[in-house]
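Given next, in structure tokens, is a single chain: the form predicted on its own.
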């Protein structure tokens, strides 16, 4: 039987477009120090480190070893995980399984990215088939625009629905001291911003951010001793199934598949009623509208209705992305781990102005690679 595991603490940098004041190990150290302070621990209390980023972005060889002075991994067991955009949730899964297996009791998970010093498109283009896709779909936005078009035409939604999601996310971000973009937007401002790839406008899209996130996982005995209100891991599910975006089966979502298994493991039968808050990996505003159905929060094509009636706002019955989500903050190697950290903060009642009152069960997702997805479910109880 695996051990029960909880998140006991987390720390983030204040994410922004360019951190000229620190190098990468120093930026990582900021997040690590904040997590250790949150847990009232020192690096000597950490048994092992799991770290990840989009390793080909910054062009650094052996990035885990290179960053060890910042991560605190010197003379400790350390594992590097790099799975594209899902790196953050994969790092979290690695830390979780390190504790659940009984191998270690306290594990530090770290995700980071300094996109101001990287070549994002050169890295992401490798997710596309080199013969038939790279010339026309280069970079992240082309593939996302295909799905946004497919969703709009299949279910009869409009660009206004996506713009409303962008307005909601940036409004939520104003309550998050770590968020990168905190713009006070209107639907008209989003629709009048430059078109990048139809139907995705400039203000519909996530930024490129510099930042890091650190999360401390602990086995049950240690979690109960160290933390008055742990966020227990109820499920951690990964779905990585194809090498190129052109291989995606659009009617067979890896997010839905992962969510179904996570609900089964966590004993959730009605996610709309049993989940209190969701941190969804939304690389563009359409994703927040379209992917909520894959979590069985609504029926097919009903994401626009949730936007229109306010169900997923902070005042709604199931708030999505109180942090502002990915379209407000995106240091890619840390982005999915931030979703897990934000979900844990909600369970621990430490989310400040973005706290969902009474949150007891939270779901976090990671997205990346070639439309891969990962799902975490956290709870205030075992």
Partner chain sequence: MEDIAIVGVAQTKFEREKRDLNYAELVYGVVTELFEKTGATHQDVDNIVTASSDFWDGRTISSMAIQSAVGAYMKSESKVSSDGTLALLYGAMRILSGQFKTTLVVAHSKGSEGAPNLIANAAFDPVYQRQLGIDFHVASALQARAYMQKYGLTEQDVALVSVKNLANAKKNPYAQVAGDFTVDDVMNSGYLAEPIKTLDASPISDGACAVLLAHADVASRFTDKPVWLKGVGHCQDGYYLGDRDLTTSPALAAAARRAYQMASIDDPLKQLDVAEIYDAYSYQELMWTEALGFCQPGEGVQLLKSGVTAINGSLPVNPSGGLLAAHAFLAAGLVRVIECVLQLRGEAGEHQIPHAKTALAHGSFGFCGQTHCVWILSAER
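Positions refer to the first chain, counted from 1. Rigid core: the largest C-alpha set superposing within 1.5 Å between the two forms. Just so it is clear, the model here is predicted, and its values are computed rather than measured.
Below: the form predicted in complex with its partner chain, not depicted.
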query	finding
Triplet 3, 62 and 129 all within 4.5 Å of its partner chain in the model of the complex via a heavy atom	yes
Non-hydrogen atom contact residue 264 with its partner chain in the model of the complex at 4.5 angstroms	no
Residue contact check: residue 97 to its partner chain in the model of the complex, 4.5 Å heavy atom	yes
Contact of residue 185 with its partner chain in the model of the complex (heavy atom, 4.5 Å)	no
In the model of the complex, residue 68 touching its partner chain (heavy atom, 4.5 Å)	yes
Among the candidates 318, 39, 327, 54, the residue which, in the model of the complex, approaches its partner chain to within 4.5 Å (heavy atoms)	54
Contact residue in the model of the complex, chosen from 73, 181, 157, 200 - any heavy atom within 4.5 Å of its partner chain	73
Option from 103-111, 165-173, 285-293, 214-222 whose residues, in the model of the complex, bring a heavy atom within 4.5 Å of its partner chain	103-111
Contacts with its partner chain in the model of the complex, stretch 76-95 (heavy atom within 4.5 Å)	76, 77, 78, 79, 80, 81, 82, 83, 84, 90, 93, 94
Exceeds or equals 2 Å, Cα of residue 154 between the shown form and the other one, core fit	no
Core-superposed comparison between the shown form and the other one, residue 129 Cα displacement 2 Å or beyond	yes
